[in-house]
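In the form predicted on its own, a lone chain appears below as structure tokens.
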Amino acid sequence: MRIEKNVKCEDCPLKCDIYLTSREMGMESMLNPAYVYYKKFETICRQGGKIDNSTVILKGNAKMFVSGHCSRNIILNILIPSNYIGLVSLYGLPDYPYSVAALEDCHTCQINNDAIEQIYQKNEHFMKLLNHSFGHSVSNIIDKLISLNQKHIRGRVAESLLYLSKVYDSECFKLTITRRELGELSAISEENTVRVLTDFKNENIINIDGREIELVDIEALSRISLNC
């Protein structure tokens, strides 16, 4: 991890909602952001740790996951540039309910939550933006819980592949996660993940070349995903 302080939001190419709103309110000077760089596999935040800052992903991918019994993880989301980490503190959670680790070298911006809370309380539009984002995240987690509880193994893997296609914005993409992590995204073992991927390839539903995956038959994957 490397930290670079004394940075200016106006120099950032992303221009997140926090900065844009604070600028409209004349409060950008209180943000005092820091750029924090994480190498691949480094932990960005740890489940149970105290939340001091909100983090914005500027570059790279990261995985958000929860750890259960026997060190088994379930990946909730793949985070991409513009995604936030730690905003749950605005809703009364003092500690991280999840962990986040870099899947590749990640550039992040970290802003003290005290400043964000002041903007949140004083700007109704910003409040609605964050509330909408928070509600969307909760909805996604509920959908995932239903999926993990009710779908069979093939359906879970199909759903994960369709989800990754949306994350990477392509039907042909290079995985930034391992086969084991794909299993954690689907809440199944690595062995079962490899077996289902092999079945899908043999059925001409996907093509696999190393870490490159092409979704050949989206309709078939959708049917498998919906078939409980």
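Bear in mind the structure is a predicted one, so any value in this text is a computation, not a measurement. One-based numbering along the sequence shown.
This next part talks about the form predicted together with the DNA, which is not shown.
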For this session: Look up in the predicted bound form whether residue 172 has a non-hydrogen atom within 4.5 angstroms of the DNA, and give yes or no.
Result: no
Problem set entry | Partner contact for residue 194 in the predicted bound form: the DNA, 4.5 angstroms, heavy atom | yes
Problem set entry | 4.5 Å heavy atom contact, residue 190 and the DNA in the predicted bound form | yes
For this session: Report yes if any heavy atom of residue 151 sits within 4.5 Å of a heavy atom of the DNA in the predicted bound form; otherwise report no.
Result: yes
Exercise. For the chain shown here without its partner, which stretch in 194-202, 42-50, 158-166, 60-68 has non-hydrogen atoms within 4.5 angstroms of the DNA in the predicted bound form?
Worked result: 194-202
